[in-house]
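Listed next as structure tokens is one chain, alone, in the form predicted alone.
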């Protein structure tokens, strides 16, 4: 029986998602070895980037026009395509520059702009249909395994659709926002990390991106009452997911 064909593609990011895929902890043998890895630049030389693929994993924010063209071709050659990591799903760290005009961002980095052809950063699903989101920075083991297992079993993947606060409750954590007055992003952040930071008595900083229909403005008002400055609140909501609808509502409220 032939193994499912897998391709791993990278755009504007640190490549941490592919690194996490390589070192998949306890599920690495039974998951990764069940696939024929046709293309993954950090895993093997060469390979066929043109497919076809049973599953394609795409990491990184789209920040150049050529990436859009290539991404569309990958989608055409893939039975299933998953956005993996915060950059691909929410814009991640690269989306911080979406808070300013693109030309202004270019001038902050480059002296000569004649060869620069960047575009405003967007998530993968701004250009193509995706079959699921493997959240996190780096991606969580649970969702990564869920996506791979869904291809192997032919079942629809079940990703978590609630906030980090639920994970804190399940683990019996004391709320760091209420009890310790920490500016925790847990109420608006999608679950999947196992409430890692609050479990260590640290505030969540939303590396898994916003939960759908998250009430960002309400949390921002709470932060304001706690004494956070306008600048600090903007930083909270632009560190990850600055280009998302949920966090843009906050950013636009507190921008000059």
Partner chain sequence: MCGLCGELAKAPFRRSKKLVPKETFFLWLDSLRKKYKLIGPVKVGSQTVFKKLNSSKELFMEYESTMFSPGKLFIYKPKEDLLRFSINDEIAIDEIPPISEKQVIIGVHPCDTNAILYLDKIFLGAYKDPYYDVRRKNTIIISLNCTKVSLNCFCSSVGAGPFLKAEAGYDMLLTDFEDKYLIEIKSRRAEELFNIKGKRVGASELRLKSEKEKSLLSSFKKTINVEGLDELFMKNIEHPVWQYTAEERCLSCSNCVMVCPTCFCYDIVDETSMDLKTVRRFRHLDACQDIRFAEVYGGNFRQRRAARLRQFVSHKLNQTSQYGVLGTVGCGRCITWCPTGIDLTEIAKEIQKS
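Numbering follows the first chain given and starts at 1. Given the structure is predicted, the values throughout are model-derived calculations rather than measurements.
One more form of this protein exists, namely the form predicted in complex with the partner chain; it is left out here, but the text below deals with it.
Every residue in the set 31, 149 and 221 has a non-hydrogen atom no more than 4.5 Å from the partner chain in the model of the complex. Checking 55, 40, 211, 195 for any heavy atom within 4.5 Å of the partner chain in the model of the complex turns up a single hit: 211.
Proximity to the partner chain in the model of the complex, defined as a heavy atom within 4.5 Å, singles out one entry of 107, 169, 73, 79, which is 169. For residue 48, no non-hydrogen atom is located within 4.5 Å of the partner chain in the model of the complex, even though that partner is not displayed. In the model of the complex, the partner chain stays beyond 4.5 Å of every heavy atom belonging to residue 103.
Contact check for residue 215: a heavy atom falls within 4.5 Å of the partner chain in the model of the complex.
Proximity of residue 161 to the partner chain in the model of the complex falls within the 4.5 Å heavy atom cutoff. With the partner omitted here, the stretch from 132-140, 95-103, 172-180, 111-119 that lies within 4.5 Å of the partner chain by heavy atoms in the model of the complex is 172-180.
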